[in-house]
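Next up: just one chain, as structure tokens, the form predicted alone.
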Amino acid sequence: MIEWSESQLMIRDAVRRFVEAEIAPHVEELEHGDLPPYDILRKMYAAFGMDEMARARFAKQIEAEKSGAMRKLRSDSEGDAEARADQAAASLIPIIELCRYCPGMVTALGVSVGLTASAILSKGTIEQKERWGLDILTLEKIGAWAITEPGSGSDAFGGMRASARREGDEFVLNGSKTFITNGPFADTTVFICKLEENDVDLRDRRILNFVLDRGMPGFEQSAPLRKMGMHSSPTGELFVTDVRVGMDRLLGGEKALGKTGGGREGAKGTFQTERSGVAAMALGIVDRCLELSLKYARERVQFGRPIGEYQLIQDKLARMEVARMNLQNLVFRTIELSARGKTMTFAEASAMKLYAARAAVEVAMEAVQVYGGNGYMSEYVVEQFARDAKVLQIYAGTDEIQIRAIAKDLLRG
């Protein structure tokens, strides 16, 4: 894929009009007024029929699973590369357009309909998918995916202390999670923890996924945490104290207890998906920063000339355009792979995430530099992008973790 198709451009323009009309006027409230993003996101889903499309896809999947026809369903979907490309583009374009104004909304949306729903739909039984999956996919309910703990950092599995103690057909859950997107407002949370196994080293214990609902006894969701950027994406802490759950809340049910790898591979796949989406987020941020910088370079006069006439400013603008082109090509590659029924390897997704995050931060900081003192003031939105972009180098694995994943793959040879 070398350029957007006509139908994809139509989708982009329609989403852009919605964002500029319905989201841009509320950015100040989202940034500084503690306005949760969910009602606006639901409005977007309804405006473009995304909720109904999700409902139809879900019904088709469940029907196929119940009839044992999932293999045929996958085979049928593999027959139309153009349709798969359009579907992939339709999922990435809203990410790009939202990030041109409010990147935090993408994080809130992606964790709910992406990570949380995907965990339930990929690991859950049919009953669990029907019980929790559809409401999250349609944004009727908000989901959270809880893996990070206060002391674990990048060592998500090895440092995990949250536990599940089995008592007959029930489990008693304990632990705390932090930096959880949607945590303060989530209706449904996928809580990731380790099974207590007396004869197994803590680092090697099986990883299990449980579904918790808001208001369960012993399950506490904190108020939103204050943070550097992404203010439109509520982040919180979760505290689980002797929460008693049945086998019906263990994703996959009894079979999950016997799986090799203990859920690590499934979580790794989730990280891979999340890392791939960062390129689209970075493209939206870079595209908007370049647009704003060009406008300012034409209008801002210093020493009797527009600053865009000075070579140092031209160098910054040129480098922004190079980053924009590279990020767009990475997004095109993602769409092309989807069209062929393929996905990036874990190392490739890590490489893409590493470059995209660094490019977004560099461009956002250079946009602030183009604006000079004005760029440091919150009145000018490049200040927001400089704050928002930084987290791309941290979540879904820090830059250092991406480098480790890439290097390990290269050395494996």
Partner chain sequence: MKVMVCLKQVPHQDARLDVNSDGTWIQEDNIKFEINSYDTYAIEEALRLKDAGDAEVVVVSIGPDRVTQALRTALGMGADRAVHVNDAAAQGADALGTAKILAAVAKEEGADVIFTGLMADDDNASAIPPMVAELLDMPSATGVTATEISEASIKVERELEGGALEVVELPKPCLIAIQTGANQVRYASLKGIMQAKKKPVDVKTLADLGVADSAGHAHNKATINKISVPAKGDTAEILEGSTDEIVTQLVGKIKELGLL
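Keep in mind it's a predicted model, so treat the numbers as computed, not measured. Numbering follows the first chain given and starts at 1.
The form predicted in complex with its partner chain is left out here; the points below concern that form.
This chain is displayed without its partner chain, yet in the predicted bound form the stretch 85-93 from 327-335, 232-240, 85-93, 121-129 comes within 4.5 Å of it by heavy atoms. Although the partner is absent here, residue 53 is a contact residue: one of its heavy atoms lies within 4.5 angstroms of its partner chain in the predicted bound form. In the predicted bound form, at least one heavy atom of residue 14 sits within 4.5 Å of its partner chain.
In the predicted bound form, its partner chain lies within 4.5 Å of some heavy atom of residue 49.
Remark: residue 394 does not count among the residues lining its partner chain in the predicted bound form, judged by a heavy atom distance of 4.5 Å or less.
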